[in-house]
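The chain below stands alone and is given as structure tokens, in the form predicted on its own.
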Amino acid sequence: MDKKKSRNFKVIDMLLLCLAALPIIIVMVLKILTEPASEGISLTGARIFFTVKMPLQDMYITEAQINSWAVILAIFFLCLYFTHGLSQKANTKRQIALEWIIEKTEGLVNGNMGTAFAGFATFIAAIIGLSAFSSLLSLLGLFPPTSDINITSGWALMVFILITYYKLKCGPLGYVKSFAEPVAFLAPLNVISEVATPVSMAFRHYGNILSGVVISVLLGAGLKGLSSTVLGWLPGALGEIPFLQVGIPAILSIYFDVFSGCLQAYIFAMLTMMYVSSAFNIDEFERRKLKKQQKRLNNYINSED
């Protein structure tokens, strides 16, 4: 019975890992089948697969959106794999790794936002995971969704909605008054600053990832030309082999693709925590909450009388 249970457990594990890898494999095959042949350097935006007719403006389904959904599905099945077979005491490497991730994320949130935002740990973990995995797609030769301004703008808009929501929790009047702080004549600048928050978050993330992709492509092309110039004197087919393209681009991608992609995911998460926590005045919220409770208590006492 135990052997059968163990066999079923392993089968489910393998199935979840295959399902996690399947979306990435599908977009890789889609890229191979649909990408037109090109010669030399080719730097283009996300390719448009098809267009959906809409009343106001047509909706374009692009390579960035398809790859983003592939990353979401891959992370979803990867989470199912990590949470499969959890026990009260960590006795597997995956559960130890999962608990380490949870502890580090909760510590990051509590340290930057306070214990009042402890529930944000899962949201921050999702942001970091989605951003990092999206950027790392460039290692597989796929278009990273984070190098599309539409994707990062959607994330920044979501964060902006959260910022506004937590500001409004302290009262609509207090939210309006905040634009006149510290003095009333700075209200126009405060409004511009409010609108600039999601814009700066979107362009910062998009610009850093896109620049890394562009620099990697240019360096690869430059090394090919340099190899032809320096080693072109070698006889026969040896002179046509771009020796300088072997190894060096891989070393450079450690920074431009791996380090920079993970760093930008961390920075986006840190900005999210900073903006949301600073938008919520806990003291004012508790004061309003206490005032409402007192008002309800007074109404209840009056109704009893």
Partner chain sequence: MLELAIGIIVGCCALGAGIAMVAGIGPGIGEGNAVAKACEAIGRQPESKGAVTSTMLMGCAIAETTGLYALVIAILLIFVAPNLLVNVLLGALAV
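Numbering follows the first chain given and starts at 1. Note that this is a predicted model, so its numbers are computed, not measured.
We do not show the form predicted in complex with its partner chain, though everything after this point is about it.
Using a 4.5 Å heavy atom cutoff, Tyr206, Leu263 and Met270 all lie near its partner chain in the model of the complex. None of Ser193, Thr229, Thr83, Ser200 but one reaches within 4.5 angstroms of its partner chain in the model of the complex through a heavy atom, and that residue is Ser200. For the candidate set Asn91, Thr122, Ser211, Thr164, a heavy atom within 4.5 Å of its partner chain in the model of the complex is found for exactly one residue, namely Ser211.
Per the 4.5 Å heavy atom criterion, its partner chain in the model of the complex is contacted by stretch 270-278, the sole one of 51-59, 270-278, 65-73, 27-35.
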